[in-house]
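Here's a solo chain for you in structure tokens, the form predicted alone.
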Amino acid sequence: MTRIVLDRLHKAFATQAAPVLAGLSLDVHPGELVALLGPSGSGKSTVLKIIAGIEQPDSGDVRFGAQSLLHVPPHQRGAVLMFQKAYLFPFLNVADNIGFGLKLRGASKQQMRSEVGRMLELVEMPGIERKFPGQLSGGQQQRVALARALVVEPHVLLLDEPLSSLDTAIRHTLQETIRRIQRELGITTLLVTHDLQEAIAMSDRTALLLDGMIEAIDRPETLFQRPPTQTAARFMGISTFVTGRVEGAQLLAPWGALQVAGDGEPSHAATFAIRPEHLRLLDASAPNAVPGALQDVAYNGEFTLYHVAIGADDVRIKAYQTVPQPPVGALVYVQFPPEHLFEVLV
């Protein structure tokens, strides 16, 4: 298994005012799947192209283990890059598409036939060797593309939003398939995506790429529940922040004093965050609850989203269970459970 080390990568393009990568560093452990999450245009695909050798960094280094790849030709790096589209050869059948890399390496017909069969079993599509890409659905084509990438036994698998063009149900099924295969083979994998759900569902760790650098990296559940910075928190869907001064186990804020989880830390200015699903909407006063006016209610199937005005702030509450339905404009109370309030860097 291979370790990927990205060391202070810089990359700028003449057509863009700001560099796309500005000192990016990342360490992907052997056999790990790391999701590189970020908005469109944040440089995610550029990272994969640099690793694959399609692009060269302006400065910095790319290493597999201790070996620098900067002067290693792309075809000798042992990395395969799978794109958003399958890019199968339309004039070749499935067997010939999957076996194309083996043929370039001089594999025998018997070896190619055996390996193609093994790969089709792996991607759960046995017996379609003679079909052509035009006879396959989008999801099936991506499975074939995955088989083609894996048949050459790469050291590193690079996935550039390979599921973004597929329907939701098919995308979720393929997420599970790719994750199963990655674990089974133990191949070091870097997945690029702008989809938060996809990143946290598939990865061992999720790295958030913003402004050309890694803003935060952690296990997906930790990064989702307690992101370390306010910027990362906003990307994770958090919009409620309370700024004040911590005194003991209290946050003295403009809304009043809120209990926070703490063990008597020294007094200091701080900003706390809380996920919208951890806030509670009440119709009466309660500990750690702040009064506000209900501004809007939106039913979204899985949850109901409430907008409550507390002073000049819009606080959003996600309720996954039925709560009392006060009319818009009514006085309500928003409760901040202390165990769910966490401090973030600003």
Partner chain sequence: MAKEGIAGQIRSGATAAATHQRWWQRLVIALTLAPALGLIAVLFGTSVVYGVAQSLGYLPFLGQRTLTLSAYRNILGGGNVAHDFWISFGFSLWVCSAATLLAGAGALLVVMLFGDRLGGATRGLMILNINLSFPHLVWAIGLSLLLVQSGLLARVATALHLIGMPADFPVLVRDRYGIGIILDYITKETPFLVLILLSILRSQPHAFGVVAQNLGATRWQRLRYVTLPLVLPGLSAGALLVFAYVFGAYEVPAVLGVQFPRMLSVLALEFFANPDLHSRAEGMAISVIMALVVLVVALLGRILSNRSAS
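Nothing here was measured: the structure is a model prediction, and the numbers come from that model. Positions refer to the first chain, counted from 1.
One more form of this protein exists, namely the form predicted together with the partner chain; it is left out here, but the text below deals with it.
- In the model of the complex, no heavy atom of residue 143 sits within 4.5 Å of the partner chain.
- Contact annotation for residue 105: at least one heavy atom lies within 4.5 Å of the partner chain in the model of the complex.
- Taking the partner from the other structure, the partner chain in the model of the complex has a heavy atom within 4.5 Å of a heavy atom of residue 149.
- By the criterion of a heavy atom within 4.5 Å, residue 132 is excluded from the residues contacting the partner chain in the model of the complex.
- Of the residues given (241, 83, 255, 224), 83 alone sits with a heavy atom within 4.5 Å of the partner chain in the model of the complex.
- Between the partner chain and the residues 293, 298, 54, 284, the one pair within 4.5 Å by heavy atoms in the model of the complex involves 54.
- Residues within 4.5 angstroms of the partner chain in the model of the complex, judged by any non-hydrogen atom, belong to 96-104 and to none of the other stretches in 96-104, 228-236, 162-170, 208-216.
- Taking the partner chain as it sits in the model of the complex, the stretch 272-299 never comes within 4.5 angstroms of it through any non-hydrogen atom.
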